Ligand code: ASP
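Below sits a lone chain in structure tokens, taken as the form predicted alone.
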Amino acid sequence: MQRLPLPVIALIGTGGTIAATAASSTEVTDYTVTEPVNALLHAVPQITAVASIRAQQAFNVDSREITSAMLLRLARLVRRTLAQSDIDGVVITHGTDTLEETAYFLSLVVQSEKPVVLVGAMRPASAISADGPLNLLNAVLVATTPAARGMGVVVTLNDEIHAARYVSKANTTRLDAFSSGNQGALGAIHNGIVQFDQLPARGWPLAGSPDGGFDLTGLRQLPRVDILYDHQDAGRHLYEASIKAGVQGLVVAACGDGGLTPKAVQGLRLAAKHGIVCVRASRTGSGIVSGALHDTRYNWVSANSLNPQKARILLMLALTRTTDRRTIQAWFDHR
């Protein structure tokens, strides 16, 4: 019987814990990114039975070092790769600290039905109990699964599959650090079998939205957006500093349902007077920030269910298109 050709998966390395090593095999916190993406493949020879891999290195850094310029480079690389007719999907290795930001960014700018899967690890490659090899195998399995087509960008760690829109890192060190909160995981990988149990309810698929997502054509840099954290007895000096620094957008990790302390109100009103688009998110980690009368009065935006770091991603892209509050609010309500 003639064997069918294996799917072709592009593996793009960006670094992170999955590509890191420590001084000893029992050390799982103090480590350094050292391994190129090809080295990760050597640790998982089983992948060759699942897909034909084409590996390339975008960059090799701790994810805390990733900049907006690097996000643009990665997005363009992913889009070029997906445009190749013989590529069936993309897997991206990434550090977990900012993985959710990169995943959400890609979900807003990548326009393809082909699977895009981000994967990382909570323990370095040198650890006795490294989780990276199985996570990587699972990511390739997801990328080769027909059911993953049209799902948008997904994240897989710890045998779970999550939508980029909802997933966040919710624990500092545990293997089950990633969660999609009330929405839950899209599915799971068990004993080499990929199973999807639900569709991402919001923004699915982004590539099929009426305007086709955010266009990066001719875009050399992203607008500068800061995140400020509100708290008891907060001052307005950080708002003044951001205004002076020339930011184009501000996201506030506000209290509860987007509630602001008195000086935060002053700071956002001042920022809005300077033409800065301001978004109220929540520092709680889950839930929807309700729209308020103050939003219309002061030209603010409510983040809906996006956490502050994802609100920043969407606001940066929104500002490449418009500063109109109602348009930006509509994107926050639907993406």
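One-based numbering along the sequence shown. Quick caveat, the model's predicted, so the values are computed rather than measured.
Missing here is the form predicted together with the named molecule; even so, the following discussion is about that form.
Student: Can you work out which of 187, 249, 95, 89 has a heavy atom no more than 4.5 Å from the named molecule in the predicted complex?
Tutor: None of the other options qualify; the answer is 95.
Student: At 4.5 Å between heavy atoms, is residue 161 in contact with the named molecule in the predicted complex?
Tutor: Answer no; every heavy atom of residue 161 is more than 4.5 Å from the named molecule in the predicted complex.
Student: State yes or no: in the predicted complex, is some non-hydrogen atom of residue 62 no more than 4.5 angstroms from a non-hydrogen atom of the named molecule?
Tutor: Flag for residue 62 set to yes.
Student: State yes or no: in the predicted complex, is some non-hydrogen atom of residue 298 no more than 4.5 angstroms from a non-hydrogen atom of the named molecule?
Tutor: No.
Student: Taking 4.5 angstroms as the cut-off for heavy atoms, does residue 136 touch the named molecule in the predicted complex?
Tutor: Residue-level check for residue 136: no, no contact with the named molecule.
Student: Looking at heavy atoms inside 4.5 Å, which stretch does the named molecule contact in the predicted complex, given the options 241 to 249, 255 to 263, 95 to 103, 73 to 81?
Tutor: Answer to the contact question: 95 to 103.
Student: Out of 14 to 31, which residues reach within 4.5 Å of the named molecule in the predicted complex, heavy atoms considered?
Tutor: The stretch touches the partner through 16, 17, 31.
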